[in-house]
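Below sits a lone chain in C-alpha cells, taken as the form predicted on its own.
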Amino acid sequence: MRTYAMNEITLMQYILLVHGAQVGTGILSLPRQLAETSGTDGWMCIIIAWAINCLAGTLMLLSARKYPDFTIIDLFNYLFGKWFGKLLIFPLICYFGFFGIDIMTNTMLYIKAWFLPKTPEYVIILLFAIPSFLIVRNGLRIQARYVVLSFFMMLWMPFFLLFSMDSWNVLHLLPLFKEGWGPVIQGVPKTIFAYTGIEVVFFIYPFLQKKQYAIHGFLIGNSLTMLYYLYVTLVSFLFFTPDGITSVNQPVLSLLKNIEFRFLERFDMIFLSLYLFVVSKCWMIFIYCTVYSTSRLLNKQDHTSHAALYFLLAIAVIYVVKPTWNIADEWQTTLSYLGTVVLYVLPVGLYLYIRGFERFHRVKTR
C-alpha cells in the first residue's frame, strides 16, 4: 500500500530530517549548561545521552516497523480504537505544536537582542512565518529538499570555530573525572532538550522509500547531531577557562566574537544571521508534524489551512505574552520534562503494548 507515494523521501533526506529536527538554538548555550553541572567533563554527557537516544529511537522504529504504512495517527487509531486513539494522540500533537512555537521564540529573542532591539516580537515572528508557511504547506518532500539544501549550504559553519585555535588550552579538560562520575551523570538530563527531535521519526517513517534502512538512517542522523554537539562543546571548553565559561550566557557566540578578519570585524553577527537557516529546519519539521496530524484527525488531505491557522496563532501568542528570556527558559524547562516522557516513556510503553497486542491477536485467532 503506497498511501504516501506523493511525499516519499530518500534515505539522505530522512537522515538530515532527523538531524535537522535536533539542532536548534540550544547549542549556543549548551556548553555553559553542561559546565555549570559537570564542569569540563560535561562533554561526556553528550556521548551518554547519545547512546540512550539511540536506544529510544530504535524502539520507536521497531514499533513503527510492524505497521510500515501507518503514521502515528493511524497506528494509535488501530491499536486503541478510533476515538480513544485520537484522545491519546492529542497531547502528542500539542507537544509538537508547543515545541515549534518555543523554537521560534528562542530564535526571535536572539534576533531581537542582536539585530532588531526595537522591533516588536510579533513582527519578527511574522517574518519567520511567511517563508515557513510556504515550505510547510507544500508537504514533507519539499521540506526535505529544503533541509538537504540548507545542510550543505551551511556545512562550512562549524569549521570557522577552528580560527580560535590559537587560544585553546588542552589543560582546561584535565584531569578527567575531576569529581568522579556523579557530576557527569547529573549533567545528562541537561542534554535532553538539546537531543529532542528524534521523535519526528514516528511521523516521517511512513514516507521513507527504503524502510529497511530506517534504523541505520536514524543512527546516522543522531550520530551527526552527537558529533556536532561534541565538537562545539569541546571547542568551547578549550577556549574558555573552566570558571569563565559559566559566566557567559552563549559561549559559542562569545567565542565567535573573538574571531576577526581584516575585511570583517563582527563575524559573529554574520554567523548568527546565517544560522537562521539551520534553526528554521528544526521548527519547520515540528510545525509540519503538528498541522499534518491535525488535518489527518479531521480526515482532511490538505493541511494548508491548518498551517496558516498555526502561524496566526503563534503570532497571536507572541503578541499577547511578549516572551522574555526568563519565560523562554520556563518553556524550555517544561518541554524538557515533556520531552523525557515522549523520548523515553512513550517508545518503551508503545513497544511493549504492541508486543502484547500482537500476542493477544495471535491467541485469539487460534
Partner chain sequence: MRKILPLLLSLTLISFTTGCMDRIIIEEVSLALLVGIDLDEKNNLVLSISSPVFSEEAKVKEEVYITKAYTLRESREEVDKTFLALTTGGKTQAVLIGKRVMEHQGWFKLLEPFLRDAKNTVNARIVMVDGIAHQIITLQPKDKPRLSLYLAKLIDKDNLRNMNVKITLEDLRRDNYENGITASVTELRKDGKILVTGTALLDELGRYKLSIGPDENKLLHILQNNIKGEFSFTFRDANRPKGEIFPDDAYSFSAGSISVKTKTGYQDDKFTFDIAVDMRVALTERFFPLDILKEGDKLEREMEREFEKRFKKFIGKIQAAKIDPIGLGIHARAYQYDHYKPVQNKWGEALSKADVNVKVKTVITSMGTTK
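Quick caveat, the model's predicted, so the values are computed rather than measured. Positions refer to the first chain, counted from 1.
Beyond what is shown, the protein has a form predicted together with its partner chain; the following relates to that form.
Could you work out which of Pro183, Gly244, Pro158, Pro189 is the residue within 4.5 angstroms of its partner chain in the model of the complex, going by heavy atoms? Of the listed residues, the single hit is Gly244.
Among the candidates Val123, Leu88, Leu230, Ile142, the residue which, in the model of the complex, approaches its partner chain to within 4.5 Å (heavy atoms): The residue from Val123, Leu88, Leu230, Ile142 that makes the contact is Val123.
With the partner left out here, check for me: in the model of the complex, does some heavy atom of Leu134 sit within 4.5 Å of its partner chain? Result yes; Leu134 sits at the interface with its partner chain in the model of the complex.
Under a 4.5 Å heavy atom criterion, is His216 part of the interface with its partner chain in the model of the complex? Close contact is absent here: in the model of the complex, His216 is far from its partner chain, nothing within 4.5 Å, heavy atoms only.
Any chance Lys211 has a heavy atom within 4.5 Å of its partner chain in the model of the complex? Output for Lys211 is no: heavy atoms all beyond 4.5 Å of its partner chain.
Please run the contact check for Cys94 against its partner chain in the model of the complex: heavy atoms, 4.5 angstroms, yes or no? Answer no; every heavy atom of Cys94 is more than 4.5 Å from its partner chain in the model of the complex.
Candidate stretches 44 to 52, 300 to 308, 313 to 321, 29 to 37 - the one whose heavy atoms come within 4.5 Å of its partner chain in the model of the complex: Heavy-atom contact with the partner occurs in 300 to 308.
In the model of the complex, does every one of Gly81, Arg355 and Arg359 come within 4.5 Å of its partner chain, counting any heavy atom? The answer is no: none of the three residues contacts the partner (heavy atom, 4.5 Å cut-off).
For a quick check, can you give me the residues of 162 to 179 that have a heavy atom within 4.5 Å of its partner chain in the model of the complex? Heavy-atom contacts within 4.5 Å come from Asp166, Ser167, Asn169, Leu171, His172, Leu174, Pro175, Lys178, Glu179.
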